[in-house]
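Shown here is one chain on its own, the form predicted on its own, set out as structure tokens.
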Amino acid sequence: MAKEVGFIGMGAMGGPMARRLMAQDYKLTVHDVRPEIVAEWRDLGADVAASPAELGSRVETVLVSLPTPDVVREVALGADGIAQGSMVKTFVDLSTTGPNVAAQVARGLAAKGITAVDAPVSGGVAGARAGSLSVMLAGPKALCDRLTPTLRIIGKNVFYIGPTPGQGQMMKVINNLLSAAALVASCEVMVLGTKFGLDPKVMVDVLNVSSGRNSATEEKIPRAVLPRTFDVGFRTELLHKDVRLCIEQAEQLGVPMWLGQTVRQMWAFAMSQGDGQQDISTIIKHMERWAQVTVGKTD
């Protein structure tokens, strides 16, 4: 693939991914709605486009990393969207939009001669900075093969999920539902053990060499909860969105999700308490309040 690409969405995830591409001598044309971010990237040497449509008239391949399905749809298909560009041929969505929006965007872009590729990522901000993300590709196999060397710059694990738009997104929301469930369950047991008088650090050490280990006990809780930094780097509103997308897809398919529905309610509760902008690790604060105990550092 040519080492000249467009990148839209230079936020917490998109920024580090784009920086990794630039470090590998990719020439970037970027767009973001925040003037201060645009100025930063101009200073770094990137070209700047005033709109998605303008960017799509400058490059053949556009990568996007955006916060919500509605934003992705507008950037792709809106009046000033990528679909209005005169040069773009490939649209690579690194966001989490869910299968339905991915399929809708793919259809809309196909009508303009543009091929859409699902490429949602997992691994958080730390993974984006380190280039250790997992990337879940769905689209024409030959095109995905051409994109893979570029995507390996941002993710060490690049998986081809299938040819149908939305398959990569389905894999991503399944992963995030399981991750959300693990975090909720792990926080509950940490609160329970602490209330009983167990040392939280010892609990984590035991769990991580036992059958209860998971992504929350291995990384999120020791890094963000025990020291009370609450800095996993992923907002509650985004995880709630991903869980909702997964459950909605299950409902469309007629697949019962008994535990999934409970997990969805827990994250919906956090949203109802105004936690949308808070880090996902703060979910434990509600459980601590109910149990009247604090897990981890208290001084």
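Heads up: residue numbers just count along the shown sequence, starting at 1. Note that this is a predicted model, so its numbers are computed, not measured.
The protein also exists as the form predicted together with ligand NAD; that form is not presented, and the subsequent description refers to it.
K.L.:
Looking at 268 to 276, 55 to 63, 255 to 263, 237 to 245, which lies within 4.5 angstroms of ligand NAD in the predicted complex, counting heavy atoms?
P.N.:
Result of the contact check: 237 to 245.
K.L.:
Between the options Ala185, Met203, Val71, Ile161, which residue brings a heavy atom to within 4.5 Å of ligand NAD in the predicted complex?
P.N.:
By the 4.5 Å criterion, the partner-contacting residue is Val71.
K.L.:
Tell me, which of Gly131, Gly124, Gly108, Gly193 has a heavy atom within 4.5 angstroms of ligand NAD in the predicted complex?
P.N.:
The residue in contact is Gly124.
K.L.:
Within 4.5 Å, heavy atoms only: does Ala18 come near ligand NAD in the predicted complex?
P.N.:
Contact check for Ala18: no, nothing within 4.5 Å of ligand NAD in the predicted complex.
K.L.:
At the 4.5 Å heavy atom threshold, is Val75 in contact with ligand NAD in the predicted complex?
P.N.:
Residue-level check for Val75: yes, a contact with ligand NAD.
K.L.:
For Ser95, is any heavy atom within 4.5 Å of ligand NAD in the predicted complex, or not?
P.N.:
Yes.
K.L.:
In the predicted complex, does Met287 have a heavy atom within 4.5 Å of ligand NAD?
P.N.:
No, Met287 stays farther than 4.5 Å from ligand NAD in the predicted complex.
K.L.:
Would you mind checking 7 to 37 for residues with a heavy atom within 4.5 Å of ligand NAD in the predicted complex?
P.N.:
The stretch touches the partner through Ile8, Gly9, Met10, Gly11, Ala12, Met13, Gly14, His31, Asp32, Val33, Arg34.
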